[in-house]
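Just the one chain here, the form predicted on its own, laid out as structure tokens.
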């Protein structure tokens, strides 16, 4: 008998709606699978069977009726305050906008997912709940900061999860774990009841196995339809500098081959100011969150993070002004570019998921901390506020996935989903349907 979590999100929803699946049995099977499989991953540190069962009993007949969904531990739930990867609640229990939209769709929140401490990293190896492992190799990083959401979906613990992306935190772990992760346009998913509700960089979004599942969960989170269309005739801009430079050879080759096989019209383009996006994103990410960190919470952090925060407190406010000048420049450049292109493309991460014990990546120019290399690829989209998606396009010789990042104009999430579905077709779904070793365990 097929385990419910071996079905797609849309098949689970359809099965419950038709009566072929009993939602109570789906929930019980999901909780059992998390218990059986998650030990090595530490992707879902907290489940709450009684609250989930109560949510199911009260669930309306919406598009996700009876479907278990995991939520990143940054959103308020009525029975749990979010902890942000730390040992203590950052907000009291309550209802976040993301929770309400899931509830209105009939979904069941089955657990909260692990994340990088304070959302302050792209590897997921620092958390009060232990490092997030990768379903393809639990000794490697599952990514951050939404690493638990990515790993749980990749390991088939749940078919859908909610993530948030402030500097790549949906797209980067999606690439590490071989799933589809959509960062929505800034403001599309309300962030009321979210720990970083103040942030100007953060956007929530769905994390699922493929584009069709991502579209279904994305419609719930966005509160609007994301209609499907033909993604086979897109105009795609290739921004070489700085996003296609100093990449791992296998990552570059897989991304190039995926694009060449699409039949899309590819054109090399330049984006004025792109070379400054990395430093501007880092400045915005770090400085605008400092006001939330008091000395009591700082004591929870490890020595390196404490030292970093103390250093950041000495930085001048002028840096934020400079970062926003870069942000404005990028937005103007994109507004012109998206008149000529439907999508822009480059690799999601420059190198495969590194080992948890040494989160360092090897690039042609040398070895670098994964965070520094990753934010070069992803921070651009957060500064601009545009939507972006990771599409699995390969498997590295290290045994972990490779992802291609596509980004489109403001509000064009549907175009990205169309594009992702087209990539899935031309690759014969080889990578979105690939099972990591952990997901191939006997039921």
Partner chain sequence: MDSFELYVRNGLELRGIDVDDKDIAVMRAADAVYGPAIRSLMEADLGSAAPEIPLDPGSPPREAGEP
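Just so it is clear, the structure is predicted and the values come from calculations on it, not from any experiment. Numbering follows the first chain given and starts at 1.
Beyond what is shown, the protein has a form predicted together with the partner chain; the following relates to that form.
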Only one of 228, 358, 233, 307 has a non-hydrogen atom within 4.5 angstroms of the partner chain in the predicted bound form; which is it?
307
Taking the partner chain in the predicted bound form as the reference, which of 322, 240, 100, 253 has a non-hydrogen atom within 4.5 Å?
322
Does residue 327 make contact with the partner chain in the predicted bound form, using a 4.5 Å heavy atom cut-off?
yes
I'd like to know whether residue 198 contacts the partner chain in the predicted bound form, with contact meaning heavy atoms within 4.5 angstroms.
no
Is there a heavy atom of residue 311 no more than 4.5 Å from a heavy atom of the partner chain in the predicted bound form?
yes
Would you check, heavy atoms only and a 4.5 Å threshold, whether residue 185 touches the partner chain in the predicted bound form?
yes
I need the one stretch from 37-45, 55-63, 371-379, 398-406 whose residues put non-hydrogen atoms within 4.5 angstroms of the partner chain in the predicted bound form.
371-379
Residues in 225-249 close to the partner chain in the predicted bound form, defined by a heavy atom within 4.5 Å, in order
none
